[in-house]
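Given as structure tokens, the chain that follows is alone and in the form predicted alone.
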């Protein structure tokens, strides 16, 4: 379903360059690809997206040609970030995603165009309280007449917001109300469009150190059937260890007790949204799937990207505090204890049955939280307004 969007606040003659260095395979390029698409679709902007890893990009955008250094998709010009491909006129707005460091030759070229440029360092999403006080801060270049601005996505009103397309709520509602759309989607994955009696459908996207074996055991020994869908190449070791045989094959089904595991191909972003909408529970990781799971309005558990020295723990705790603030104490405790165990790898503390006993409360809360986020000003709009002001 395609919905018509309102005319944007942006100047379509303004050009944008977004640079993305792929760090954790899919999260970085996932965020940048969603942002680039939205800037084109909703704001009518000219956008070039630079990626240093087209193979990871192709997993979430199948039309990517691995042999093309310049190509177009969804109205976005996509360029391989390689030295021989950088001889271009710098854009008006230059986004350095996640401190990836622009090529020095490109930065030097920004000083020779005779135009004003806005240089944005798009930071990682965080719920920490200090983010709001750093959002939008300027950092003058030590040698060149350029200024970099730090732009923080966030949940608080005085941050940059989240990537939320204007038609997202309508697309989600249409999918959930349309049995044919759901049937076609599940059948495209080789699955029955109708869940068996009491079946729980779960998507699992995690890092290698997640204690997935403990979950598999709980699900296989449970009193209700669980269909767990895992992207190819994710949790491969845990699945293989649990079923006692290599389990890397895409499209394969593995069954033990009450648990059935289906290995899926990586889905392009719109299809991944449908998977999140259609599941009863979602395990997600990193940043892009983390945000989309919240917007899906389904109960979820997040595995944050681990950082040296445990620097990720304050970020995780800050999110849990705001996400669980509207929950009853027992439900809040269940979410926090389970999420912390999932992130620390403490399989002995991972009590799925306790978490799932709060299903009704978690489902209601997830819908309320998603609707709350959708009503806020989105990241793309916030970024356009900020950059327009700096270009004046």
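Residue numbers count along the first chain shown, from 1. Just so you know, these numbers come straight off a predicted model, no measurement behind them.
Heads up, the form predicted together with a small molecule isn't pictured, but that's what we're talking about next.
- Only one segment in the set 129-137, 103-111, 80-88, 281-289 has residues whose heavy atoms sit within 4.5 Å of the small molecule in the predicted bound form; it is 281-289.
- Taken together, the three residues 231, 267 and 272 all lie with some non-hydrogen atom within 4.5 angstroms of the small molecule in the predicted bound form.
- Interface residue among 336, 358, 48, 34, judged by heavy atoms within 4.5 Å of the small molecule in the predicted bound form: 34.
- This chain lacks the partner; the member of 155, 119, 205, 151 within 4.5 angstroms of the small molecule in the predicted bound form by a non-hydrogen atom is 205.
- Within 4.5 Å of some heavy atom of the small molecule in the predicted bound form lies at least one heavy atom of residue 28.
- The small molecule is not shown here, but in the predicted bound form it comes within 4.5 Å of a heavy atom of residue 60.
- Heavy atoms of residue 124 reach within 4.5 Å of the small molecule in the predicted bound form, making it an interface residue.
- By the criterion of a heavy atom within 4.5 Å, residue 305 is counted among the residues contacting the small molecule in the predicted bound form.
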